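Next up: just one chain, as structure tokens, the form predicted alone.
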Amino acid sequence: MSDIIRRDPRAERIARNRLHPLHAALQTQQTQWMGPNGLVRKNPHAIAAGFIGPAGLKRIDRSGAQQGGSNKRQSSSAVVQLPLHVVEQPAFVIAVVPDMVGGRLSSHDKDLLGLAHQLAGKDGAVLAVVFGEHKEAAFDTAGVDRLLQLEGDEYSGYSPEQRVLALRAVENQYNPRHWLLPDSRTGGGELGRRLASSLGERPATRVWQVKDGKSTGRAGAGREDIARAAPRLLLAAAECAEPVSETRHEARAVKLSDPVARNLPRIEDLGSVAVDPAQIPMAESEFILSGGNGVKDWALFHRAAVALGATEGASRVAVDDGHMPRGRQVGATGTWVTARVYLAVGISGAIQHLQGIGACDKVVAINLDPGCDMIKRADMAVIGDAAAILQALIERVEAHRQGAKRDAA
């Protein structure tokens, strides 16, 4: 048996939200209790064994046939299925071009799809355009009605001109009512501006709200807002809308009717530039290894950060004790971070620290206390000794790299 405790944050959010349509399905019902006279009372509505009658109502099976002849009540976990949203003949299309960093939808991408779902309403369809191979398996629950995957070597690496040609082909075939791209440093901001120039559109940038036909975006270094009629092309900021969580969509695969012409590249991609993670500001880092009071071997912690290629961070307690400089403090009293992966080692999770990591995509916690607040916040938690787990991580990473070198040779 594995000692790793796995949680489902989405199910926990639904269980806390009484207005969610699946709230009742995730509530644990009390099956029996002791009455005031000492008699055991049973709740027949909480008994799992039964069958669906002709009128669609659940009936209780008192014969014991579904229980193998046993008189004991057996509980069964029902799989909660979101309602399927189908648009057979959409009146219009909302085109979304997610960043897909690492081949998966980021939290920014999911916010963008939530905004697209709002603009599409019941009559429109959300079309997601993805370049190259991906590892995403949850396009349906993210709000994608149509999925267009454009594969080929011409889209690999830094290829904005070729991608604009492909998006022009999408424009000719689908004529989207709106184009939505993330206004990010990971590609969406530049690609959206190139597409706007190609289409002759004046885009709205850093959009954080679209309501009643008007878009509102940040300006003046974030000190002012600009409201205007929503244009066809929107470059949206993070948290522009709530991600889709109450419906499941088709994510039906579609193709372009005509092939995309190859562009003669005027830009040569020389590959990624190696950057020292220690030189990356924490506010801009994608992967942070953060230590707290539970870290006893700080030399091992620094070796783990180098092996994982992570930027180092720390809790306020670790900084006050002199283990890390003040500039590496994470939290409301330090630096607010937006990492894709935040690995917290030996951090209990004070409220100021949890506020500082609120915008992180995935939080992994390593701690001996299974009841601490950081474990409750984490998307994945590992209960165990920090030193042993960090040493195991270093060994696994080094073994993986040595295997990659042997395969390359």
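Only a predicted model underlies this, so the values are computations on that prediction, with no experimental measurement involved. The term rigid core refers to the maximal set of C-alpha atoms that superpose within 1.5 Å between the two forms. Start at 1 and count along the sequence shown; that's the residue number.
This protein has a second form, the form predicted in complex with a small molecule, left out of what is shown; the following refers to that one.
Taking 112, 126 and 147 as the candidate spot, are all three within 4.5 angstroms of the small molecule in the predicted bound form by heavy atoms?
Not a single listed residue reaches the small molecule in the predicted bound form, so no.
Picking from 235-243, 100-108, 168-176, 325-333, which part of the chain touches the small molecule in the predicted bound form when contact means heavy atoms within 4.5 Å?
Heavy-atom contact with the partner occurs in 325-333.
May I ask you to state whether residue 395 is within 4.5 Å of the small molecule in the predicted bound form, using heavy atom distances?
No, no contact at 4.5 Å.
Residue-level question: is residue 217 within 4.5 Å of the small molecule in the predicted bound form, judged on heavy atoms?
Contact with the small molecule, no.
Please check if residue 230 has a heavy atom lying within 4.5 Å of any heavy atom of the small molecule in the predicted bound form.
Contact check for residue 230: no, nothing within 4.5 Å of the small molecule in the predicted bound form.
Going by a heavy atom distance of 4.5 Å, is residue 316 a contact of the small molecule in the predicted bound form?
It does: once the small molecule is placed as it appears in the predicted bound form, residue 316 has a heavy atom within 4.5 Å of it.
Core superposition between this form and the one not shown, C-alpha change of residue 205 at least 2 Å:
No; that C-alpha moves by less than 2 Å between this form and the one not shown.
Shift of residue 162 between this form and the one not shown at or above 2 Å (CA, core fit):
The answer is no; the displacement is under 2 Å.
Any chance the CA of residue 314 moves 2 angstroms or more between this form and the one not shown, core superposed?
It does shift by 2 Å or more.
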